[in-house]
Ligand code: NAD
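Starting off, we have a lone chain in the form predicted alone, written out as structure tokens.
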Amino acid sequence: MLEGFDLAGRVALVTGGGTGIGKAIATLLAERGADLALAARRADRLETAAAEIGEATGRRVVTFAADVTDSEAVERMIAAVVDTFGRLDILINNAGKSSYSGFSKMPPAMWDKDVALNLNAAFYCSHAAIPHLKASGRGAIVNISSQAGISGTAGCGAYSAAKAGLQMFTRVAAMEWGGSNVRVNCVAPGMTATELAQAGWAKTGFDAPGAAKTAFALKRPGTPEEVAQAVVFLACDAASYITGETLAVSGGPGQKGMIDVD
């Protein structure tokens, strides 16, 4: 059964792979035996992550600085990955970020920016990668959505809408590409204590641990590594009969009720 978690001989591309959840996913993919291509706009963070992961795991890790909201740049990036490794088996569409504004004050450019990064980029990467994932014979795409795409988050409306769209893209892509043995799934993290998130909480004075005690059944924020475990599972043969699904990694349902319970 454990053979289903072995990724030796496979090549994975992780967008937004230099920090946070993306770096945790990349690290675990490498620990399971995959060689890696990491992509993001900031080359410095990518190089640091690649060096750390390569040294820790002994896997080959190559970086590509690319703007995944630019479809032509994505085409060049995918071609370069395949030229470098000779194949592509796993695509993790992780790049994403939220802007903050209510709808009534949101400039249209802010909406466009959030949709471009959180939805369009996943389509561009998947569209460019699909011929190679089909050729793999067991290709896998995992899209990183958000709990905001399930329940919505006021003040992050464009991000919420884009992440919800990403979940439907996942379902339809799974329908269309399943006959080529390419699986497409989605993970929706909740409150996750990435370095970036913790810096933001400190800056705004937001008590994330306190909020989590009432917001989630497990009463704490998650970690990037916990999200990575779910993502890598869906990328492995252990999930060979799972496609078109969105898995929430969000600490469970809220704890608000009518009476106190144990």
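Numbers for residues come from their place in the sequence shown, where the first is 1. None of these values were measured; they are calculated from a predicted model.
Note that the form predicted in complex with this ligand isn't included here; everything after this is about it.
Q) Though this ligand is not shown, can you say which of A208, L196, V62, L218 has a heavy atom within 4.5 Å of it in the predicted bound form? A) So the residue touching this ligand in the predicted bound form, by this definition, is L196.
Q) Ok, L28, C236, A212, V68: which has a heavy atom sitting within 4.5 Å of this ligand in the predicted bound form? A) So the residue touching this ligand in the predicted bound form, by this definition, is V68.
Q) Is there a heavy atom of K97 no more than 4.5 Å from a heavy atom of this ligand in the predicted bound form? A) Because a heavy atom of K97 falls inside 4.5 Å of this ligand in the predicted bound form, the answer is yes.
Q. At the 4.5 Å heavy atom threshold, is S145 in contact with this ligand in the predicted bound form?
A. S145: yes, in contact with this ligand in the predicted bound form.
(Q) I'd like to check something about M191: if you look in the predicted bound form, is any of its heavy atoms closer than or equal to 4.5 Å to a heavy atom of this ligand? (A) Because a heavy atom of M191 falls inside 4.5 Å of this ligand in the predicted bound form, the answer is yes.
Q: Verify the contact flag for A164: yes if a non-hydrogen atom of it lies within 4.5 Å of a non-hydrogen atom of this ligand in the predicted bound form, no if not.
A: Looking in the predicted bound form, residue contacts with this ligand do not include A164, since no heavy atom lies within 4.5 Å.
Q: Just one of 81-89, 102-110, 182-190, 128-136 has residues with a heavy atom within 4.5 Å of this ligand in the predicted bound form, so point it out.
A: It is 182-190 that comes within 4.5 Å of the partner.
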